[in-house]
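One chain is shown next in structure tokens, namely the form predicted alone.
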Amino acid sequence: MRKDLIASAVAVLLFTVVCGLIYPLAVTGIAQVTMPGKANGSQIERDGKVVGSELIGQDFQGRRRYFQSRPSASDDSADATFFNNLGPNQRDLATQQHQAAVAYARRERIALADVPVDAATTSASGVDPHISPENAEIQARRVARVRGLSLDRVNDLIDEHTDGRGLGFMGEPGVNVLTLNLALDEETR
């Protein structure tokens, strides 16, 4: 019995060191050498300052000159992300989605029936950096008008910042709101 206990303790200690220390350090080291940008969170810098990450949505609410991200259950910080944890049959979820759709329709000056789904629903993580191309196309009219750009130029920027399907067949195309807004800032400097 004592041999089994010692063997078990040694196994736990060994696997803790290998799986909890050696393996993570090796993977981190390989990632830092082979793809340092991604290993460090795909951070975007402007003028030597980190302004965000390609992987995390940011809050642009209240700034009409920017494309707006999806609604988020998280606060303004991506330090603690969460989703709303409401089920499809809960009245609170329906109310939240309806309020978001009404606000979007009012801001974009469109009919409530024309609001894209991603403009009224949160993502699972609460910080999805992408919106649908349809959502971006609707917002393009407002952004072009406020920034004094042609709609064609804004649509070109949308196309440049639209990611395709993963591996060519998984998921849906998405427009990265942060990189698009940064490109707009460069355009109108």
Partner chain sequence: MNVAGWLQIVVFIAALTAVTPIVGRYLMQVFEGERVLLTPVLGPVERGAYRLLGTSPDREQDWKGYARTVLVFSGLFLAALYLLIRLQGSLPLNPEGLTAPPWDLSFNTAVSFLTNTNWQFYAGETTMSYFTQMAGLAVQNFVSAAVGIAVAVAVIRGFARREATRVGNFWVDAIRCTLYVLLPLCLVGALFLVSQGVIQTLGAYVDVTTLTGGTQTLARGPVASQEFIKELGTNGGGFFNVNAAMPFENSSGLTNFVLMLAILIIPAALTNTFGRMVGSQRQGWAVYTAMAVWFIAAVALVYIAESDSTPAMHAAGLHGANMEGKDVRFGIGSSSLFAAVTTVASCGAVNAAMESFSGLGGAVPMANMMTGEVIFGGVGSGLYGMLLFVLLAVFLAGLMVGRTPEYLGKKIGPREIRLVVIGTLFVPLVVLVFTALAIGTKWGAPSIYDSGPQGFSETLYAYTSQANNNGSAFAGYTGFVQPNGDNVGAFGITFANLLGAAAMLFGRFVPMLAALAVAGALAGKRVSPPGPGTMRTDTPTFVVLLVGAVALVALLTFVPALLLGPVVQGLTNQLF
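Fair warning: this is a prediction, and the values are worked out from it, not measured in the lab. Positions refer to the first chain, counted from 1.
The discussion below concerns the form predicted together with the partner chain, not included here.
Colleague: Taking the partner chain as it sits in the predicted bound form, is residue 150 in contact with it (heavy atom to heavy atom, 4.5 Å or less)?
Modeller: No, no contact at 4.5 Å.
Colleague: Is residue 121 near the partner chain? Define near as a heavy atom within 4.5 Å, in the predicted bound form.
Modeller: Contact check for residue 121: yes, within 4.5 Å of the partner chain in the predicted bound form.
Colleague: With the partner left out of view, is residue 59 within 4.5 angstroms of the partner chain in the predicted bound form by any non-hydrogen atom?
Modeller: Yes, contact at 4.5 Å.
Colleague: Would residue 128 count as touching the partner chain in the predicted bound form under a 4.5 Å heavy atom rule?
Modeller: Taking the distances in the predicted bound form, the answer for residue 128 is yes, it comes within 4.5 Å of the partner chain.
Colleague: Look at the candidate spot formed by 109, 155 and 162 and say whether the partner chain comes within 4.5 Å of a heavy atom in all three of them in the predicted bound form.
Modeller: Not one of the three qualifies.
Colleague: Which residues within 4-29 place at least one heavy atom within 4.5 Å of the partner chain in the predicted bound form?
Modeller: Going through 4-29 in order - heavy atoms within 4.5 Å of the partner chain in the predicted bound form - the hits are 4, 5, 7, 8, 9, 10, 11, 12, 14, 15, 16, 18, 19, 20, 21, 23, 24, 25, 27, 28.
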